[in-house]
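In the form predicted alone, a lone chain appears below as structure tokens.
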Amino acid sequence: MSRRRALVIGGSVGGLFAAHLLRSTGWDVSVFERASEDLAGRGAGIGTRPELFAVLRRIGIALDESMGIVRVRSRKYFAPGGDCLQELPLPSINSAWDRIYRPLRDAMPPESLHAGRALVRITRNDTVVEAVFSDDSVEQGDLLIGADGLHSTVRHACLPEAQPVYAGYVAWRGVLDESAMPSYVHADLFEHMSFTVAGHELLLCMPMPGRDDDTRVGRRRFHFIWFRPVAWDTELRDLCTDAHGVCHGVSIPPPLIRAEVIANLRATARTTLPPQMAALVEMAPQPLLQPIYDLVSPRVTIGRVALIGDAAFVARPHVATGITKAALDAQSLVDSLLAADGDLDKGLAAHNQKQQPFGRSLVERAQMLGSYLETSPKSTQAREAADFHRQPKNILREYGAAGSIHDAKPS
């Protein structure tokens, strides 16, 4: 492969995976990130998969328990009263988003990383892609990779019809230190991934590494995700309005969430959740709000532009494949280019043929697994499917299970 230049828009994990893999095959790569500050610390706990570790090893990054990994022994389902109704011995490995991000960032040459560079527009022809940034600088490349997330500027420029669709519910997320957990909560929950369902709501919780990737007992952290139905045009806008009456659209920085919103969240937890899980919501210092979306792009390559990660597809968290999917997208792109033996257009076409159906099917599977959280009217068949996926035994077996990646197949 001749020396070609790639412009990667987005300096999060997806963009960094693509940058490393392209560099390993001889490409000149520049990564442009809108944010000027370090992204480490933005993420929470994540599940991991063998496919993720395989891509990391290919880049030259090896993770083990001494490097920010926590093992989970089983999955539990709790009744509202606090009794454990079912337990499934399904071991897994948890980590943290920034534990994946930091090694990827640190292994990149500093001169290849450009922070505080917000993309404004792109122009392209059959052989060259040009990116114009907010500081009026212009960069040219043979390939531009959109790894700029859910609200991708790259996708909007190339596929304006591909818009995120609100799923009808949000996720409240919170993290607290292991040392802050009451002993009865720690004993019931810490070494497990635990679930409860109340009406159209689901809460799950799991351990994660502590600050600075610390996995020593007492130094780790615990993470919960509470899915709750919220009306788009009324409730969500209210949740995203700060104490000064300013609405921040359909998201809001955590420190600006109104005190009464957090108080209501904790009061609801006390009346609807198992006491062990209600305690998590009560004690988490700064819950954050995440609206849940579906996104399906009709293509993942448009000329000399490729979309990866959340810029291409967003699957609901129920398949727990976000970082792994970004890694696999980047790997597929690079392997397709290598297999094309220098024919860039042929390689991009092959990548689209493989990853577009894969991404679409992953979104469809996530929709199916989360169908019981929706409150809109459904057909009889859809309601029956939702009832099936809300049963405790099916939640324990299917949520974020290892098969999610492999079960997502083109229809």
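None of the values given here were measured: they were computed from a predicted structure. Throughout, we count residues from 1 along the sequence that is shown.
Note that the form predicted in complex with a small molecule isn't included here; everything after this is about it.
- Across the proposed site, E51, P91 and L328 without exception lack any heavy atom within 4.5 Å of the small molecule in the predicted complex.
- From the list 253-261, 331-339, 213-221, 171-179, the contact stretch for the small molecule in the predicted complex under a 4.5 Å heavy atom rule is 171-179.
- Among T241, Q86, T153, T272, the residue placing a heavy atom within 4.5 Å of the small molecule in the predicted complex is T153.
- Of the residues L362, L348, V70, I46, just one reaches the small molecule in the predicted complex with a heavy atom at 4.5 Å or closer; this is I46.
- The shortest heavy atom separation between A162 and the small molecule in the predicted complex exceeds 4.5 Å.
- Looking at D310, you'd find a heavy atom of it within 4.5 angstroms of the small molecule in the predicted complex.
- When contacts are judged by a 4.5 Å heavy atom cut-off, W97 counts as touching the small molecule in the predicted complex.
- With a 4.5 Å cutoff on heavy atoms, R117 counts as touching the small molecule in the predicted complex.
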